[in-house]
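The chain below stands alone and is given in structure tokens; this is the form predicted alone.
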């Protein structure tokens, strides 16, 4: 069984929580795109974690975690994250963590360029997390990066890296007026962060062939959501990689494999980190109350998330582009304080109501058309069976399910691993 766990909206939907839950039934968990620019929050017997590069299956004994070739592999961040989880008692060895030799390395100047460009954009900035993601992917597609597998030939690696450094220093100095990168600083970076990761790096072809032959279950873990996809998201307020499930086998390093199941994750209300249109957004006291109830602060940045009502239009679109076969609805328990629950069911664009997600340039003028459902007014965090939910809570799930056109298989009623209803 090959299953992708993907975000349906703007990211931060609770994918890490779902991967941690479902990974018990899988042999392999693969990160196939993105980098350290988003966080997957996981709560389990080891504690509370915010993972940025490590797959969320790293906590499961017997599960192999893989960082695929589509990931922006940042040696510094990855090594620090390995040490972070090890300090909490989690085993991380070359037996349970593998890094594709074809993964491109996020280089020291990528973060510097990310910060410099956001400064240049000023009030027109895109809301970057300043983790070097856009400069990395730009360089990758210009063929100006080095692959993880190149680390094993130190002489050739530095010859390649030095030639890229000379090219990149032109941008740092001539465009931004910044200090150039030196070869000495790159050697220190190599010794400090790259060398310790070398035991984890290898060719994944034989590994995936063995998985297929042995009938092992593989989970593909995405970062961010449909609306942040480079092709299908809200351009230009997107990430720089494909967050779509169809890309999973390619970014994982096994393009010959097919997906059997795609689980789309969406919150019971809407949240958004960063800039760009957010049609169902709330403001003021109403927003503050929801933000505090849901603990809505970015796992990577700590920034307060923008919040709003559940967005049927955006979610239906996200389900479609992901090809979701089932949905996990997270944070249902957060809505328990509401007497009535707003749902954005349509957009008003140029004076007309529409149920279709508009072209990105139209979103800034779109307004939400809101309907209200009854609240349930009681704590549901201890409920484990759908039929034990208050009727209003059951009706909310069934209403959302009908509106988005996809079966809601999981209903999360708390952050802990077992705070889940499986229908």
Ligand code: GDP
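Keep in mind that what you see is a predicted model, and the values were worked out from it rather than measured. Positions refer to the first chain, counted from 1.
This protein has a second form, the form predicted together with the named molecule, left out of what is shown; the following refers to that one.
Of the residues 306, 111, 331, 98, which one places a heavy atom within 4.5 Å of the named molecule in the predicted bound form?
Contact check passes for 331.
Just to be sure I understand the contacts: of 354, 365, 44, 41, which is the one whose heavy atoms reach within 4.5 angstroms of the named molecule in the predicted bound form?
Among 354, 365, 44, 41, a heavy atom within 4.5 Å of the named molecule in the predicted bound form occurs only for 41.
Answer with yes or no whether residue 9 is in contact with the named molecule in the predicted bound form, where contact means some heavy atom within 4.5 Å.
Taking the distances in the predicted bound form, the answer for residue 9 is no, it never comes within 4.5 Å of the named molecule.
Find out whether any non-hydrogen atom of residue 413 is located within 4.5 angstroms of the named molecule in the predicted bound form, and reply yes or no.
Result yes; residue 413 sits at the interface with the named molecule in the predicted bound form.
Do any residues of 7-36 have a non-hydrogen atom within 4.5 angstroms of the named molecule in the predicted bound form? If so, which ones, in sequence order?
Residues within 4.5 Å: 12, 13, 14, 15, 16, 17.
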